[in-house]
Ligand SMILES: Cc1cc2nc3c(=O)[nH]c(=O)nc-3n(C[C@H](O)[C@H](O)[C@H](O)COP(=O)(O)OP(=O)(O)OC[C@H]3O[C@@H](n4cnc5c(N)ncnc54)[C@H](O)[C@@H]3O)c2cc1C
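Next up is one chain by itself, shown in structure tokens, the form predicted alone.
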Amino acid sequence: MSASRPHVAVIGGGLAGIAAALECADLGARVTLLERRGRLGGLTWSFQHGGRWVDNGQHVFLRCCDEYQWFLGRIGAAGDVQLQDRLDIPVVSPAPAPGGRPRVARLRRPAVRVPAPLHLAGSLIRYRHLGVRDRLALGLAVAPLRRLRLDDPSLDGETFAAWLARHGQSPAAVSALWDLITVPTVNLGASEASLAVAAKVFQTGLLGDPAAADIGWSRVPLGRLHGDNAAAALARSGVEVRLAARVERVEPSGAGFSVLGPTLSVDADAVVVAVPHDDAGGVLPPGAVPGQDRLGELGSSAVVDVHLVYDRPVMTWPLMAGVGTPLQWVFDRTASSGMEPGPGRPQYLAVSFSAADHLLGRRPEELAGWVAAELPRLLPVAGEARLVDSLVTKERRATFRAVPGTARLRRGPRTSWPGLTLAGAWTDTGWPATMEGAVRSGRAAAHACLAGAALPLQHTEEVA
């Protein structure tokens, strides 16, 4: 090992691990990335089915996700995403009476710049899914929510729903509006989500910069967006990537560490452990972080996606949300799957369910049939179209479970061993378990591991 060019081992090839590896390489380190799977990208991946690309889940980002957008630029993927010019979410509910048309409202910020939170006032005043009284009562929660101090530990002592109820929000308002944002961002409903995590989402995304909540999504399969682009960027930066490399433990060894697995042994000056929370405790040396044996208590919350291919277009928007229906969010993934979109051509929709533990036990064919039967209540054309193909994907451990009390289990990057750090969307990033949080954690862990090991740093530019 060379003091002039330290060797860093990064364990985990998800977004946190990739970000950490690239940051360490940019700081002049020699880097080895170890990933137990046969691919990079972690929980964002793709596979082929029926001649088209299918993503395991629908991963969107917001304009306020600065670190994630840095990451896309760093791996050469900035041109592979679409970002709205301004926030625009069609929100659809079933017709109030048989034979009627679905009701559509839009959450949209105006074309002219209006300061937050007034930028959404027009949409909320016209929001048809809430009664007049509930619309007028929104201000009872918005102003206090803006004033909450995110560093106040008491926020992690109650649910978001309990706080909303104290601030004049009815169950109908929680269901038709507040959970529209809370469920997909926290992966829990307001009735379970910690106020601390929910307040971060709303303060950063909706109550700060008016443009912060503009939505972005991938125009290509996620495996290409993250996995393939990251592999190329890591190679350009000189990072050694070892796939199918299972790590069992990290042991302090001399002035550095030994990373050990069934078929590998890697010596390094510093180590970044970027693995899921329920794996981290066993990989770390004993006593590396307080409560190491309790990290599994962070639990997990699932995401389920039902993928439907129709023989014709049935939705004109790139995405939509549902209220008054079990269906949560619907995305048009036709072009990203490799299919040719257009009139008279098949359309591929992904119906995404967050906080979906209750769906894990249902058979794929049952889920697909249930969603296909429900979708025409929101998109009547779907009832006239022929369903060509269907598929269900389930991520059982999509995120940790951000209930009250979990903040004490989320650790920062540093451990008791200088040079050994933690990364992952589950760590204490100040964000919920998102792609933004993962990238932030990886970059922070990279700086902490090199600084903690007192190793020389030298910023370098990527060689294209």
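We number the residues from 1 along the sequence you see. Computed from a prediction, not measured in an experiment: that's the story for all the values here.
Just so you know, the form predicted in complex with this ligand exists too; it's not on screen, but the next bit is about it.
Listed stretches are 122-130, 269-277, 356-364, 170-178; the contact stretch with this ligand in the predicted complex is 269-277, by a heavy atom cutoff of 4.5 Å.
Shown alone here, residue 246 lies within 4.5 Å of this ligand in the predicted complex, counting heavy atoms only. Of the heavy atoms in residue 303, some are within 4.5 Å of this ligand in the predicted complex. Within 4.5 Å of some heavy atom of this ligand in the predicted complex lies at least one heavy atom of residue 37. This ligand is not shown here, but in the predicted complex it comes within 4.5 Å of a heavy atom of residue 43. This chain is drawn without this ligand; in the predicted complex, the residue among 11, 444, 450, 22 with a heavy atom within 4.5 Å of it is 11. For the options 69, 32, 406, 58, the residue carrying a heavy atom within 4.5 angstroms of this ligand in the predicted complex is 58. Shown here without this ligand, the chain has 424, 425, 433, 434, 435 in 418-435 lying with a heavy atom within 4.5 Å of that partner in the predicted complex.
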